[in-house]
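A single chain, nothing else alongside it, follows as C-alpha cells in the form predicted alone.
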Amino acid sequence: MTDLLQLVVYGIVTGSILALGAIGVSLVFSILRFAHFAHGDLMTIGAYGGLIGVALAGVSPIVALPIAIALAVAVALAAEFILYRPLRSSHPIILLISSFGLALILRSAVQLVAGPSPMVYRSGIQMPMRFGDIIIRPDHFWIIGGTLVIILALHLFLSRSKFGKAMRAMSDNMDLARISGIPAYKMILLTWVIAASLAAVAGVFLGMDTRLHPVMGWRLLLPVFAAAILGGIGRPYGAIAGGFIIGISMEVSTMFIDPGYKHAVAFALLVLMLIVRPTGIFKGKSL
C-alpha cells in the first residue's frame, strides 16, 4: 500500500507537468485549429531559459521562471510571424507539418548551443521530507503548488476576464466571434503567449523533477498529447483532468511493468480513448 501511495504522489507530480503542457496544446488547437507538434520543444526552450537564469543570477529555478517564460514566448511569437501567419489560410495539415519542422529546428538549436549532455539546475542531494512512509522532495511541493496556482489563475482568466471570454468565443465559433467584433489576430497572439508561458513553466518543472536534455520536451510530447486528447482536445479543463489521469497511470503502472515502458501506458490510453470516445472525457473537438 505504501508503494502505491508513493507512486500516486509521483504521478501527481508528473500529472502536474503534463497538465500544463496539455492546456497549451488544447488552447492552440481550439483557437488556431491545428496540432502543434513543436509544443514539447517549447517546453525544452523554457527549461533551458530557466537554466540561463540559474547560471547567471544564481537563483532558484522558480525565481528564474520569468526568464524561461520570456524566452519561450519570444520563440513562439517569432514562429507565428515568420512561419505560421503566412500559412494561416493553408490546410491544417500544412501547419501541422510546419510545426514538426519547427520542432526539429528548435531541438537542433538547443543541442547546438547547450550541447548534448544532460544538465541539472543544481547539483547535490535534496533532503526529502517524510510523511509516515511517504517521501516527498521539496521540488515536488513547488511543482504541485505552482501548478495549482496557475490552474486557478487560468480559470479566473478564462471565466472572468474580457480577453478570456473572447478566447472562449473564438474557440466555439471563430467566424461568429469575428462578426461580433472580437479582434481575432490579437486573440491568436494572446493564445501563443499563454501557451508558450505554460510550456515554459512545464519545462522548468520537468527540469526540476529530472534533468535537462535537448530532447526532454520531445520525449514528453506523446503523454502531453494523450492527456489533451483524453480530456477532450480543445478543452483546457479536460486537459487538466487528462494530465493527472495520464501521469498517475504512468507512475502506478511501474508496479507491474518495467519503468522504461511507462510512456507506452500513455499511448495505450490514447488509443483506447480514440476507439471508445474520440471526443474525450469533456467532449472536445475530434482530431
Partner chain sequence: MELSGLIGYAVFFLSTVSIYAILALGLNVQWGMTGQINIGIAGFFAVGAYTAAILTSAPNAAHVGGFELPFLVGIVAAVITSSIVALIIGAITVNLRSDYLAIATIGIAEIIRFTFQNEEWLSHGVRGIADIPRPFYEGKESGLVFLAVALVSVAIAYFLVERARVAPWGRVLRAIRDNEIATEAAGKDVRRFRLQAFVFGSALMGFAGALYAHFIGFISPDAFEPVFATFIVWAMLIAGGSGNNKGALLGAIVVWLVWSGTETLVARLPADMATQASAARVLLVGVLLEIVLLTRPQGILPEERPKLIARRKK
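All values derive from a computational prediction rather than experimental measurement. Residue numbers count along the first chain shown, from 1.
Not on display, but discussed next: the form predicted in complex with its partner chain.
Among residues of the shown chain, residue 239 is not one whose heavy atoms approach its partner chain to within 4.5 Å in the predicted complex.
Its partner chain in the predicted complex comes within 4.5 Å of no heavy atom belonging to residue 141. In the predicted complex, residue 116 approaches its partner chain with a heavy atom inside 4.5 Å. Contact check for residue 191: no non-hydrogen atom falls within 4.5 Å of its partner chain in the predicted complex. Heavy atoms within 4.5 Å of its partner chain in the predicted complex belong, among the stretches 172-180, 107-115, 156-164, 126-134, to residues of 107-115. The candidate spot formed by 60, 248 and 252 is out of contact with its partner chain in the predicted complex: none of the three has a heavy atom within 4.5 Å.
Annotation for 93-107: interface residues with its partner chain in the predicted complex are 93, 94, 96, 97, 98, 100, 101, 102, 104, 105, 107 [heavy atom within 4.5 Å].
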